[in-house]
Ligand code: ADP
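As structure tokens, one chain now follows by itself in the form predicted on its own.
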């Protein structure tokens, strides 16, 4: 079901589709972006994450072709691409690089034996690009749903998410985890999704239907250190596991270490490695605790856990930055904010705050002003509730 903003976007898409292709779009798909409420840098340690789909999405309007080609017009870039589904390859043309996600899903779906004969489509997204809200996963999942629909097939959402991950890893060349695709495909209105990244099992966790919103704030800070520091953090986590195996032989990842076990053995670890392990182990526990707090409708406890998560990310995992810290501090200064933390890889990107609806107006006025005063940058706010995962609309 489309929200009011999506309805307006689709009206424009239908008009553009008719102008471009001289016929009406027969099928419409949507897939949402996402925000992670808690559970940061736990995924590559076999841990838990707790994302929610957001009311920002990728929409695709399409009709079938019979010549084995896909023609796509991206409204965000005002640019078209045309490619054959036989022997599809990534493009290096900077004007068409957005289409690699579309090409990737055509490639992976054909490998799965899902037969379609081509497509004309118009694509439009309002998930902010480069902000860590998973516009790429939304594009992959929506594209996969399009090709499945045009083949007259039905696909299990878990399989759709796994194929989207495979497409991004093997075709686009980005070694992503499973969280983004899972929540885009499996999101549920007014729910977060507790995902076990080891077993790939998941559980819908209720969010309040009224009274509180998620507010995402983009720092507008370019994230320059993410790749190199990510590799360093991952290596430090692996080092922690290698050392802790001497004490706890049965472990294979930090996911297997309890807070108590880490405390008992922390003197075995070098300082920085101990800090990284402490973040991952405590963050896993916080994620499970937050799922329980949401089920109990204990928003005060949720906020405490979010605040603790940010402090851990800033000090133990050392992936925050001045801009993120300033934005979190500004959010926490507003009465009616339960908790605020950085979300995503770090060194820029976004924060997530749980905000009482009665405080939204004050938050929207004061937080950007405080942030501008302290950093000289403009914070872009997105107010959202948890949205439905990918679906065929028409």
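Small disclaimer: the values here were computed from a predicted structure and weren't measured. Positions refer to the first chain, counted from 1.
What follows is about the form predicted together with the ligand, which we do not show.
Is it true that 77, 130 and 135 each have at least one non-hydrogen atom within 4.5 Å of the ligand in the predicted complex? Spot residues vs the ligand: full contact, yes.
Residue 125 within 4.5 Å of the ligand in the predicted complex, heavy atoms: Yes, residue 125 lies within 4.5 Å of the ligand in the predicted complex.
Answer for residue 139 alone: is it within 4.5 Å of the ligand in the predicted complex, judged on heavy atom distances? So residue 139 counts as contacting the ligand.
Contact test in the predicted complex: residue 147 vs the ligand, heavy atoms, 4.5 Å: So residue 147 does not count as contacting the ligand.
Though only this chain appears here, would residue 38 touch the ligand in the predicted complex if you measure heavy atom gaps against 4.5 Å? Residue 38 lies outside the contact set for the ligand.
Look at the stretches 69-77, 297-305, 185-193, 232-240 and give the one with heavy atoms within 4.5 Å of the ligand in the predicted complex. Flagged stretch: 69-77.
Ok, 61, 50, 352, 58: which has a heavy atom sitting within 4.5 Å of the ligand in the predicted complex? Looking at the other structure, the residue within range turns out to be 58.
Check each of 83, 116, 107, 98 and return the one that places a heavy atom within 4.5 angstroms of the ligand in the predicted complex. Of the listed residues, the single hit is 98.
Determine the residues of 284-322 with a heavy atom within 4.5 Å of the ligand in the predicted complex and present them in sequence order; the list may be empty. Heavy-atom contacts within 4.5 Å come from no residue here.
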